[in-house]
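For this one, two forms of the same chain are given in structure tokens, first as structure 1 and then as structure 2.
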Structure 1
Amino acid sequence: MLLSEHQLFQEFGVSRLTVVAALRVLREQGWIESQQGKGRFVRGRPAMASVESNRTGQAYLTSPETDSPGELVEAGAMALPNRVAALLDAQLKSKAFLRRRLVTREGEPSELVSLWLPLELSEGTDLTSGEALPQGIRQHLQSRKGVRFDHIVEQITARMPTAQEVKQLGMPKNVPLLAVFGAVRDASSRPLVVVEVLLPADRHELEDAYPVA
């Protein structure tokens, strides 16, 4: 059982508003629960805290490219695939900027990571650079273009690889790909960026954890 709000702000020397805000965050993250007439109790380690890594789409948007060895295989204006066009609210067959990297793990090809964004959003950035970015895409676009990421809509599908993907990833042609699409939007739900991650199904598994209401 936790101390009362009065006891907490006295013990830690902070304002009551700070204590209330901290308790709200702990409750939202699943660390504590309130029982009417009894008080607040520590629930234990919440499920989300046991997931050490970000979700797949988010991880590639927040982590520096230098954290993932690999090489740039494409960068420039490209025609949008239908699914990506829909996620960007763009017209079919229109063009957007594509930055695609082949990521390696332990010296072997592991996944293809594609970043799609409107052409005007790519201007004045380092996304055409063949070097791995020393910061995450989110931080880079925020500092260069002033955009603010608010939320991500993630979709996961499966399909067979193309001949080029088989060659790039060094995978059997009869093994399916897991395709993870993370559509980034601002606070008004305006699409900003789509990250597409292609994972050979025989080398990867996707794990998630969420609290049970």
Structure 2
Amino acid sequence: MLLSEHQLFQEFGVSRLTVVAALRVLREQGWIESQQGKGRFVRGRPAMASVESNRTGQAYLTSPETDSPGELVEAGAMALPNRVAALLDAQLKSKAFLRRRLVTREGEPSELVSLWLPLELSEGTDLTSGEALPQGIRQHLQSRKGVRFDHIVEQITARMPTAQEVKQLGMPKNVPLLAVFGAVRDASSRPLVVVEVLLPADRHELEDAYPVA
């Protein structure tokens, strides 16, 4: 149990409102809980703090490409796969700019990361060049094109790899792939970019932590 509001604002020489405002922050972050008439109690959440929340789609958009070694395997305008066209609200069989990188970890091919951009969003950016971006993709697009990332709709599926994917990723052909699609949207729900991450299931798994509602 915590000290009462009265004790706290006397001890720290501030007003009651200030104490309440501070305790409200703690409550909203989940550290304490309060019961009217009884008091405030430490709930304790060093737990969630030690397990980082780790959303796959997010990571590839914020960290610079130069941080993870890899090789650009494709960059240019391509016809959209159906699923990506749906996520981008685009016509079936229409074209968009594709940038695909094979990321390597410890010298071995590890995952295949693809970025689809509508053509008008790719113009005037460094994404069309063959170089690795020294800046995060999110940072780059927000400053160059004036768009604002707001939220991500993430879909996770599993499927068997194609022959080409087996070759590129150097994986056994009877092992499934984890496929993560992240559709980035702005605040008015307009799709901006789609990221697809292909992970061989024998070498990767996804982990995330979240509070119970």
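For residue numbers, the reference is structure 1: its sequence is counted from 1. Given the structure is predicted, the values throughout are model-derived calculations rather than measurements. What we label the rigid core is the largest C-alpha set whose atoms superpose within 1.5 Å from one form to the other.
Q: Can you tell me whether structure 1 or structure 2 is the form predicted in complex with the DNA?
A: That would be structure 2, which is the form predicted in complex with the DNA.
Q: Any chance the CA of H204 moves 2 angstroms or more between structures 1 and 2, core superposed?
A: After core superposition, the displacement of the H204 C-alpha between structures 1 and 2 stays below 2 Å, so no.
Q: What is the C-alpha shift for V25 between structures 1 and 2, rigid core superposed, to one decimal in Å?
A: Reported C-alpha shift between structures 1 and 2: 5.5 Å at V25.
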